[in-house]
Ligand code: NAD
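Below you'll find only one chain, the form predicted on its own, shown as structure tokens.
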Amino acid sequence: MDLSDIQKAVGLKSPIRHQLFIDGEFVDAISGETLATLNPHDNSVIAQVAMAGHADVDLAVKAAHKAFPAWSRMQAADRGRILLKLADLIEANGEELARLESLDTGHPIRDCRMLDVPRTAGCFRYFGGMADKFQGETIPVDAGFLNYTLREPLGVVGQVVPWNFPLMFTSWKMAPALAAGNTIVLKPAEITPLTTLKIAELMREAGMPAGVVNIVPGLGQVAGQYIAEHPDIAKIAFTGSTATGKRIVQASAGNLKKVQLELGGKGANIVFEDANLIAAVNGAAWAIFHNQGQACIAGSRLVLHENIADAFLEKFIALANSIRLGNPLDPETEMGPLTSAMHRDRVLSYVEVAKAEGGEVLAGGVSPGGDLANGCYVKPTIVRVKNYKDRVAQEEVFGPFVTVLTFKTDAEALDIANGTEYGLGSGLWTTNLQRAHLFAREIRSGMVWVNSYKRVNPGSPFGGTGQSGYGREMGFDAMREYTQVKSVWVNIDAQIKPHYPR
């Protein structure tokens, strides 16, 4: 099956992009190297995608530097209009983007249509509207002086997007950086670059000047490492594993570039005795099984009050076993494959770790057979563990794998919630308003959901603490991440003399 056959089979209107995007043009890698991107449903080849090396990254940085003066000095409202036009184009091409994302990542098409595409368009639209509304301050200082601050773009920023939500995270990275006046060199994950390259095509149609955005698919240890090291890149924003994030920090030291990291998580999802049980069961399933559990904010530690644990688990296990696995392009599919065979095997290895630690597998823990045997599937997996310090309750599995712990007191629940090195997202289910606010304050994480889970919005800051990284995506905080403050002092009183008059 060649690219045109694949295009027809999944109903795509335009050719699948598989080249680098540098200085406004799609080009092959200088080395000619490519890497196959696979359909995780059956591991068939979708495309051979160009892999950027150091020389390609240098060209992308050079193009971004050349474009920066004009882009940063453009009227902010005009930058915003381009982003707003891009949002419109994303919506107009929404079905094609949804199918491409589903094909490349394994996301169920229903989620791509209802969540991934609308969130991507919404993020570009939010920051398109913010471009001319982000401002400095006037500060009261010494008499006779006016002091004000300017928020200035950083310059060329490097961005590395992960493979779990490539379309959505492309907008999270690009939109605030562009609204603030920066130019971009972005590396999508080498195994899921296709929708990011489609966004580049739509950017060109929206009127984005050449060189403002450059897309360089490539291996993390080659292109990603070089972006982190590059002396002409002013900032790197990275979403991915904690281990890789630490290497990014080390690589960035050469020119002391600004670093923003959104890393791993091990979210506690606490269900109290007074919770609405049906809502909590449904919310907990969404928290861990959406996108096959491949989310840094997944509610992967289910912490249940002992008095409701049995009743909760009866319903939760039944729901997990009822989830429809299948071809992600089928609208009836509720859970698709993991994004790669390597990651499927990693998730399944944690089932063996759990058993070795004395854990009880309550559901799943295996790959399905039959028509799905050739894909990267794992059944929804629920494991009851003995101790919150067990490996499977501490390490990020990043799959449809949830550990179950129980507690007696609120203090014990809080100890469990804060008992990991991560601090990204947490949730709690209770009708006690005082408890809800107390736990929201005391849980060590960047985000807390009360009687809900995994809610995101372009206006709300997203990020973590501890081993989950630092810096924030979204909202005004994201614009601050992509600008630097300049303080301007103006002497407005002619009577004020310099300290050393001549």
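Residue numbers here begin at 1 and follow the sequence given. The structure presented is a predicted model; accordingly, all values stated were derived computationally and were not measured.
The same protein also exists as the form predicted in complex with ligand NAD; that form is not shown, yet it is the one meant from here on.
- Using a 4.5 Å cut-off to ligand NAD in the model of the complex, each of 188, 262 and 398 places a heavy atom inside that distance.
- Proximity of residue 162 to ligand NAD in the model of the complex falls within the 4.5 Å heavy atom cutoff.
- Among heavy atoms of residue 420, none comes within 4.5 Å of ligand NAD in the model of the complex.
- Interface membership of residue 170, defined by any non-hydrogen atom within 4.5 Å of ligand NAD in the model of the complex, is ruled out.
- Using a 4.5 angstroms limit between non-hydrogen atoms, residue 380 is distant from ligand NAD in the model of the complex.
- Residues of just one listed stretch (412-420, 274-282, 189-197, 320-328) have heavy atoms within 4.5 Å of ligand NAD in the model of the complex: 189-197.
- Only one of 252, 367, 225, 93 comes within 4.5 Å of ligand NAD in the model of the complex through a heavy atom, and that residue is 225.
- Checking 211, 220, 181, 128 against ligand NAD in the model of the complex, a heavy atom within 4.5 Å turns up for just one residue: 220.
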